[in-house]
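Presented below, as structure tokens, is a lone chain in the form predicted alone.
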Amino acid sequence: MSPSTASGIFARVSFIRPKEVAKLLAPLLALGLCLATDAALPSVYPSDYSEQYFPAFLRIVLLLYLACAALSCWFKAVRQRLLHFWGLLIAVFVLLTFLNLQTVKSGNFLLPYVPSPDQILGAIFGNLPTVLDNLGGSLSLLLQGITLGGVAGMVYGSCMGYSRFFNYWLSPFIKLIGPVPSTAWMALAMVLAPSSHAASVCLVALSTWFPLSVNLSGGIRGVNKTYIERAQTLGASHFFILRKVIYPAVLPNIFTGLFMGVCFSLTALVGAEMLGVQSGLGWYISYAEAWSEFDLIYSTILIFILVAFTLITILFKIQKQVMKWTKGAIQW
């Protein structure tokens, strides 16, 4: 690297205030404390237990944080992210330290009910093929159900909101069926569906259909009638009015319904995977519970949290791109 190139790189380093430096270093100190206590104290519970995953996990997190801290000198967005989450990062590292001390380092929290962080990580990476198989099964079932429920919700909500005739005949069904939890329909789904997989997909779809239909129909009824009348005066068809006038106006309602539908679908997924499905995160939790393998339960719940957070984050990223003109929608 030539001296001019190096000087150019360092010239782009943005100024970091001392207060910001302190906030960037505080999580690093908390992570260092976690690493130091794990390395200094022997593992005594269970007897002769040897950690395999937790020390490596902490070192990987340390390297990632150091890389992000270095990038924050050049990229203000990275620095703002680290400064925003600095308190939460400290809390996470302190919690990991406390849990590690109370489990494998002392045995104050007894097995199998409270496994150590190393055992939870071992349940994931030690059974990675099984975990990936169950994760793939849940994602496939969830996405199929959300897609089916989303399409049904768009059609049902559009008919209810746009047509008085359809609203008269369709609204009683959604008022009677929609509020009922999808898991209450498990027995009926098993009888009517051609397979257990189809029954599970229908239960997840039902959880998406209801909130999307209600939000969309309510949004359509709230659209200014002047816009519709002007479009009709110009000879626009009903399909054109829906596509160009109504749907752009009710985008906040659509994304609100999708947000609620995804949340309800994640809840329904666990129950849906009890209908004879042989893979999935919900099925895996039931299996681990039957054998009292709490490390599998905790690890699967952790994966469930990451999946839910990722799906909802993607949904709101799409909303942010599609609805750049609004700031009043649900924030994530």
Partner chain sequence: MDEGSHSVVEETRQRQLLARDITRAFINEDGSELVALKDFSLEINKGQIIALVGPSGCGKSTFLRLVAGLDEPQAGTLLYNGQPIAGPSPDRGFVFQQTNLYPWLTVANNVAFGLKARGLYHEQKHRVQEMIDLMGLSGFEKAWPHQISGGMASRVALAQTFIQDPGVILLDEPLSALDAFTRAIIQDEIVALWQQFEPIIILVSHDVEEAVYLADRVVVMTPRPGRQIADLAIDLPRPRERTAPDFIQIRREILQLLKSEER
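None of these values were measured; they are calculated from a predicted model. Positions refer to the first chain, counted from 1.
What comes next is about the form predicted in complex with the partner chain, which is not displayed.
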* **in the model of the complex, residue 132 touching the partner chain (heavy atom, 4.5 Å)** => no
* Although the partner chain is absent from this view, report whether residue 218 comes within 4.5 Å of it in the model of the complex, heavy atoms only. => no
* residue 324 within 4.5 Å of the partner chain in the model of the complex, heavy atoms -> yes
* Asked: Could you tell me if residue 227 has a non-hydrogen atom within 4.5 Å of the partner chain in the model of the complex?
  -> yes
* Work out which of the listed stretches, 246-254, 76-84, 120-128, 177-185, brings a heavy atom within 4.5 angstroms of the partner chain in the model of the complex. => 246-254
* Would you mind picking the one in 143, 91, 151, 236 that has a heavy atom within 4.5 Å of the partner chain in the model of the complex? => 236
* Asked: Here the chain is shown alone; which of 240, 166, 173, 98 has a heavy atom within 4.5 Å of the partner chain in the model of the complex?
  -> 240
